[in-house]
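Just the one chain here, the form predicted on its own, laid out as structure tokens.
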Amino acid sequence: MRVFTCKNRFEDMMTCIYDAWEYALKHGHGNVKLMREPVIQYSFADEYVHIEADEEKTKKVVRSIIRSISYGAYIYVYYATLYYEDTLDDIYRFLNIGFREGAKVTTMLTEPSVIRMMEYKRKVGNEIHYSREFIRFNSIDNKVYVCHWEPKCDIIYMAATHFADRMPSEHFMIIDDNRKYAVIHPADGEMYLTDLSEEELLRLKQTEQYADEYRNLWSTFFETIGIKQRENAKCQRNMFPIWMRKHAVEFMDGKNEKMK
């Protein structure tokens, strides 16, 4: 068995699929496996091949999926690359069926890989929706809006497109503290991704301590709008999971501990 491995980035994963497919055309799809790095446990019986991202190969894979299967299938693939667990081999098996069966692959619910891809899309989509609702920005000198977020899935760029559409003339950035990168949106400019060093991340974390009148206003609103007699902590946890509250201003000041 030849195991193709790559970094956890979209371009790397698409290139990995391209190279694995090329190898499988000669040796069979059953003789290849794909894994995202880091590889936790190696097998002495397998041969491991690290794959680096290639822009042309990425474009070919994306173009082939859209043209030979469907755009809907490409959405399944893209969302699966954002999932927090290793989905690369499932993507490969899904495409193996898709290139054979065409657009109907997304309705083939007896196929395990298709079911898993549907589940990845659902969970990633839910987290994107949550982020649009629960991301909180701090205003820095009324010039730049900064948000820290620690999503399970790699979804901050998808979340940022929502805010770019609604705040096109504002400078803002959304920082993924877990993955150590940020989406930067210059006012009236194009968004882009950038990796952050440890020093940069540490400095940016201090932005949550800045005095912000809107932050105080939001916390006050959160406290006063609730009806004490109708408090329901269990319902609130369902609507706003605890793991998402770390950077939510209404919970950061310790005023609302009783609601946790």
Partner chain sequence: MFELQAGLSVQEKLHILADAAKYDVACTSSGVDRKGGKGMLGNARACGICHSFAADGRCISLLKILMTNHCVYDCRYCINRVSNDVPRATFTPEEICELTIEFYKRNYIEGLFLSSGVLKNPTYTMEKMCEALALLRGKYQFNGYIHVKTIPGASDELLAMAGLFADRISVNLELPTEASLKKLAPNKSFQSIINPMAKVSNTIAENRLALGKSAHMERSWGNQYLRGSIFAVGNGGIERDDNDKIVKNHLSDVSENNISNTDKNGIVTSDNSGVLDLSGMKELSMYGSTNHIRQFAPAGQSTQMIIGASGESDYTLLQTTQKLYQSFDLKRVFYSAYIPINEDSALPSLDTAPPLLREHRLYQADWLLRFYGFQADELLSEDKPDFNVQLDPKCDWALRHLDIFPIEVQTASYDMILRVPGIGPRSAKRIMQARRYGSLNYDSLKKMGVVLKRAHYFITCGGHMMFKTPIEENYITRQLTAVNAKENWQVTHTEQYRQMSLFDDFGVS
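Residue numbers count along the first chain shown, from 1. Everything numeric here is computed off the predicted structure, so don't read it as measured data.
The same protein has a further form, the form predicted together with its partner chain, not shown here; the description that follows concerns it.
The stretch from 83-91, 102-110, 67-75, 175-183 that comes within 4.5 Å of its partner chain in the model of the complex, counting heavy atoms only, is 102-110. Taking non-hydrogen atoms only, Met239 approaches its partner chain to within 4.5 angstroms in the model of the complex.
For the chain shown alone, Ile135 is a contact residue for its partner chain in the model of the complex, at least one non-hydrogen atom being within 4.5 angstroms. Contact annotation for Asn216: at least one heavy atom lies within 4.5 Å of its partner chain in the model of the complex. Using a 4.5 angstroms limit between non-hydrogen atoms, Phe221 touches its partner chain in the model of the complex.
For the options Gln209, Ser197, Asn31, Asn232, the residue carrying a heavy atom within 4.5 angstroms of its partner chain in the model of the complex is Asn232. Applying a 4.5 Å heavy atom cutoff to its partner chain in the model of the complex picks out no residue from 72-95.
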